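In structure tokens, the next block holds one chain alone, the form predicted alone.
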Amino acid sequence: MSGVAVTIRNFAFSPATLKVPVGTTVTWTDQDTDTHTVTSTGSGGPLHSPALATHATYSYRFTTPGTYAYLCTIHPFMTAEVEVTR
């Protein structure tokens, strides 16, 4: 399965809403001058990136359908979601 890219720029995830089929690997790239994280909202979510400096990347392969909301724990106003479909 191919991968999909999400860009982190200007304190936002782009796209903010992403729809992908099961098995897709999503890669986030920090193109901002600040450090950001990709972290599932709530507890028990699968997304737990380390702090990403400029140009750093984080990838996760979605294997279960559902809606995965996430945020940057450093800048919690930065929110987005990935919808994984069969």
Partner chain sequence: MTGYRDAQDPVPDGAADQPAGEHGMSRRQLMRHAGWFGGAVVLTVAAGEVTSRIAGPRGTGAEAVAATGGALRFVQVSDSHIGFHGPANTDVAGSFTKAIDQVNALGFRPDFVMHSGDLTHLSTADQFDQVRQMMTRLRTDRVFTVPGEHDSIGDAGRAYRQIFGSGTLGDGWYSFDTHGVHFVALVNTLSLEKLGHLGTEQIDFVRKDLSGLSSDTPIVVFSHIPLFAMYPQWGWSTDDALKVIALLRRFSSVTCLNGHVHQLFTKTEGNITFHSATTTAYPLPKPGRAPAPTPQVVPARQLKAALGIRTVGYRQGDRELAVKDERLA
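Residue numbers count along the first chain shown, from 1. Predicted model only: the values in this text are computed from it and were never measured.
Another form, the form predicted in complex with the partner chain, is not on view; read the next lines as being about it.
- Contact check for Pro76: a heavy atom falls within 4.5 Å of the partner chain in the predicted bound form.
- The partner chain in the predicted bound form is approached by Leu71, whose closest heavy atom lies within 4.5 angstroms of it.
- Using a 4.5 angstroms limit between non-hydrogen atoms, Ala51 touches the partner chain in the predicted bound form.
- In the predicted bound form, no heavy atom of Gln31 sits within 4.5 Å of the partner chain.
- Contact annotation for 41-59: residues with any non-hydrogen atom within 4.5 angstroms of the partner chain in the predicted bound form are Thr41, Gly42, Ala51, listed in sequence order.
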